[in-house]
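In what follows, one protein chain appears twice in different forms, each by itself as C-alpha cells: structure 1 and structure 2.
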Structure 1
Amino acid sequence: MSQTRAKERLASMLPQPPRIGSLWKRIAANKWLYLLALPGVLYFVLFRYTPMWGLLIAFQKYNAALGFLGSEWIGLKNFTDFFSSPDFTNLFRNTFILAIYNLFFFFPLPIVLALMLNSVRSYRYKRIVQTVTYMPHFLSWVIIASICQVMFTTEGGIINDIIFALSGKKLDFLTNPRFFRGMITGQVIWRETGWGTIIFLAALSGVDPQLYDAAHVDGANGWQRLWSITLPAIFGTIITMLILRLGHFLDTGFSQIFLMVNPLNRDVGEVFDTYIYRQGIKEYSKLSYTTAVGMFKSVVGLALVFCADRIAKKSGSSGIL
C-alpha cells in the first residue's frame, strides 16, 4: 500500500502535459494578449517561414514554367559550381573584410556612446545629443550615398577642396579601391551608432543607483565604478547583441554597397549581396545558382550563432539559445 502511495505521489510531482480543455481555457482567458501577438505571428509566418519553400530551387535547375516540383533536381551542383568559381575567393574576402570592419570598428561604438550618455547629468543636454545621433538612422542609403558623393568628389567636393588647400592635391575617394572599405564603414558608423545606443541605454536604466552611491562611499572613482558596476550590468546585453550580430555577419547591406560600387572599385566592393543581384536578376537570371549563394550565407550565419552561443555559455553568460 505504501509503495502505491509513493508512486502516486511521485507521479503527481512530475510535470503533466496540459489537457486540451485547460489549454483552450488559458487561451480564452488571455485572448487579448494572443490577439495582440497575432500580427507579429502572421508576419513571421508569411514573410519569414513561407518563403523558405523557395530554397528548394538551390538544389534544382529551376524552370519557372515547370515550377518547384517539375524542375530538374541536380543536388549540390549549384553549390559546387559556386565554390569552384573564380569569383568565390574574391567575394568571400571582400565580404569578410567588410564584416570584420563593422564588427571591430562599429559594434563597440554604440556601447561607448551609451556609457558616455549615461554619465551625463544634464537631462536636456542628454536628450539633444540622443536626438542628433538618432537622426541619421532615418535617412535612406540613397541620401547618404548622395551626400558622400557630393562631399568627396574631386570636382567641387568640400573634403577635396580642403585637402587641396592644405596639400595642393586631391584624392579620388570614390574611385580608388584603397578608400572604399573605410568609406563604407564610416557610413555605417555615422548612420547607426546613435540608433544602436537605444538598447544599451535601456539596459543601463536598470542598474540600481544605490550601487553607485555605495561604491562612491567606499572611495571608488569613476573608472572603477564603470568596470565594477556598469559593464557587468550590461554584459549580458552586449553578449546577446554580439551573437545576433554574428547571425548577420555576411550581410554587408545590398543598398549601401550597390550605390557606392563602380567599375573602378569593384574588385574590393563586390560582395555576396551585389553578386546575387548581378548574377540572378540583372545579367544572367541564374535563380537557382544565386539561391545557393544566399543559402550559403545563411548557413554561415547560423553556424556562427551556434558557435558564439556555445562560447558565451562556457564563459558564464546565458546566451540566447
Structure 2
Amino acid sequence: MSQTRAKERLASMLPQPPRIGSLWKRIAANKWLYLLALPGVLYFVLFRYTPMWGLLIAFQKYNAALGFLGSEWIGLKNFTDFFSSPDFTNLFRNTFILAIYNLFFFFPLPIVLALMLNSVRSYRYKRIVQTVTYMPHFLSWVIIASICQVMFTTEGGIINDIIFALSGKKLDFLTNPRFFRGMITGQVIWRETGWGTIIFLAALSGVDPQLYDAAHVDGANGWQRLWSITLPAIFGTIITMLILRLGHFLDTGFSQIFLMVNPLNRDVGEVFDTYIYRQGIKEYSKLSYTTAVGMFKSVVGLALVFCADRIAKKSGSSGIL
C-alpha cells in the first residue's frame, strides 16, 4: 500500500500533461479511456440504475396497460397493506429463525475447521482436506437441492433406507415443515464450511510463529496456546464476519430456499424473496405490492449494513464498507 503511494507521489512529480489545463483538455486527453469505459458505464446506467425508477410503482396502483405515467398514485397504501397482513410477521419470523439457525449451527464451524487445519503438521494432508472441503462451494443450489432430493427422498433415497433399516420408519425430510430449517442449514454447512475457512486461515497465517515458540519455552500447553495466542489473533476477523452476517441477515439465500420450498412446507419456508416472486410474478402479478415489499427489504437491509459498519468501526476493526 505505502509502496503504491510512494509511486503515485513520484508519478505526480513527473510532468503530466493531462493535469495541466482546463477540464475540457483533460477530458479530451482521456478520450480513449471514456471509450473503453462506455460499455461498462452503459451497463450500470441501464441495468443497475434505470430499474430504480421502477421503485416508484411501490407508491402506485400499477397497471401495465396504463403504464408507469398513467397509473394511479396511492401513497403508502402498499406498505401499510403489507405491514398489516399476517404475511409480514410470518416472513419476518421465518427469516429471523433461519438467521438464528445459521448463526448458531453454521457460523462457528469454519472457525473450528480453520483452527484444526492450522494445527495439522502435515502440509500435504492439509492441502488434501482443503481441496475436498472447498469443492461443494462451487456446486449450484440446483445441483445441491437435486442431490438432497435423491438422497433424502422416502422413495429409495439412501438416507431413508438407512433410517428404515435401523428403526423401521421413514422420515419425510423434504416435505415435513419440521425438517425444513434443518435441511436448509445443513445444506449451508455442507456447501460453505470449507470455503468459509479461507478468511480465518489467512488471519491465522499472520500469527508470528515466534509467539508459539516463546509460549512453548514458557511451558504453555496446546490449549493455553490456543486461548492466549491463536484466538486473540483471529478475534478481529471473527467479529467482522459476525457483524457482516448481521448486516445481511435479511438476505437468506434466495435460490437455495426457492428450490426447497413447496406447498407443504411453505409456512416455515417462505422468505421475502420467494414471497415477492410468487406474489409478484408467478401467481398474482401484484407488481406494485411486491415492489413495496422488495423496497422495504432493500431499505432495511441498507440500514442494517450501515449499522453493522458503524458497530464494526467502533469495535476497532476496519469496517465493512
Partner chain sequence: MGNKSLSAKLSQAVLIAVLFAVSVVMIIPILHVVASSFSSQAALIQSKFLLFPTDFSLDAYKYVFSTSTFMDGMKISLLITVAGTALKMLVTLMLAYALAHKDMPGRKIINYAVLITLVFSAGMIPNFITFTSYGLKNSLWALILPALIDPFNLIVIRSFIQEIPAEIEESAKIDGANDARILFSIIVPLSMATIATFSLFYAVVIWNSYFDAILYINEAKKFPVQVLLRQIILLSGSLGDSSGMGLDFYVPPRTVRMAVITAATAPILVVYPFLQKYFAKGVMLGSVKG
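Definition used throughout: the rigid core is the maximal C-alpha set that superposes within 1.5 Å between two forms. Keep in mind the model is a prediction, meaning the values are calculated, not measured. Counting starts at 1 with the first residue of structure 1 and goes up one by one along its sequence.
Asks: Between the two structures, is it 1 or 2 that corresponds to the form predicted alone?
Replies: Note: form predicted alone is structure 1; the other is not.
Asks: After the core is overlaid between structures 1 and 2, has the C-alpha of residue 256 moved by 2 angstroms or more?
Replies: No, shifts by less than 2 Å.
Asks: With both forms fit on the core, has residue 269 moved 2 Å or more by CA between structures 1 and 2?
Replies: No, its C-alpha moves less than 2 Å.
Asks: Keeping the rigid core fixed, work out how far the Cα of residue 27 travels between structures 1 and 2, to one decimal in Å.
Replies: Its C-alpha position differs by 14.3 Å.
Asks: After superposing on the rigid core, what is the C-alpha displacement of residue 304 between structures 1 and 2, in Å?
Replies: Its C-alpha shift, to one decimal, is 4.1 Å.
Asks: After lining up the core, report the Cα displacement of residue 295 between structures 1 and 2 in Å, one decimal place.
Replies: C-alpha displacement of residue 295 between structures 1 and 2: 3.3 Å.
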